[in-house]
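The form predicted on its own is given below as one chain in structure tokens.
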């Protein structure tokens, strides 16, 4: 499934790197610990988190993640948006809590298994 499909089906707001919305999502990972995502996130995953600081972009870039979804109505810091634009990392936002969003992603066929 492509990011554009997830954005449409989940009514996500896009905050950065709109140029790479055709990226294929190969799975998902939900965690608020950067070290956990570094250890367990997979290339092409969509990452669900409530973290908003610029370090999330570094982690997403290092792991070649498809994008980041911020939950609970959280908005990325300006520095985070600027870094995401430079690194071409898509950051999306939703009002949904993590549990609800992950359930919806799973219902759309995005799993944690590769």
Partner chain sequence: MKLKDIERILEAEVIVGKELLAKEVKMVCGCDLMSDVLSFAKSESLLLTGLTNPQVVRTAEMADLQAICFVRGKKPEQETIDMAEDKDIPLLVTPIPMFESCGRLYQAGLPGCSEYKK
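Positions refer to the first chain, counted from 1. The structure displayed is predicted, hence computed values, not measured ones.
The next section is about a form of this same protein that is not shown, the form predicted in complex with the partner chain.
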{"query": "Heavy atom distance at most 4.5 Å to the partner chain in the model of the complex, all of 56, 76 and 80", "finding": "no"}
{"query": "Residue 20 within 4.5 Å of the partner chain in the model of the complex, heavy atoms", "finding": "no"}
{"query": "Contact test in the model of the complex: residue 97 vs the partner chain, heavy atoms, 4.5 Å", "finding": "yes"}
{"query": "Contact of residue 30 with the partner chain in the model of the complex (heavy atom, 4.5 Å)", "finding": "yes"}
{"query": "Close approach of residue 84 to the partner chain in the model of the complex, 4.5 Å, heavy atom", "finding": "no"}
{"query": "Within 4.5 Å of the partner chain in the model of the complex: residues from 71 to 110 (heavy atom criterion)", "finding": "72, 74, 97, 98, 99, 100, 102, 103, 104, 105, 106, 107, 110"}
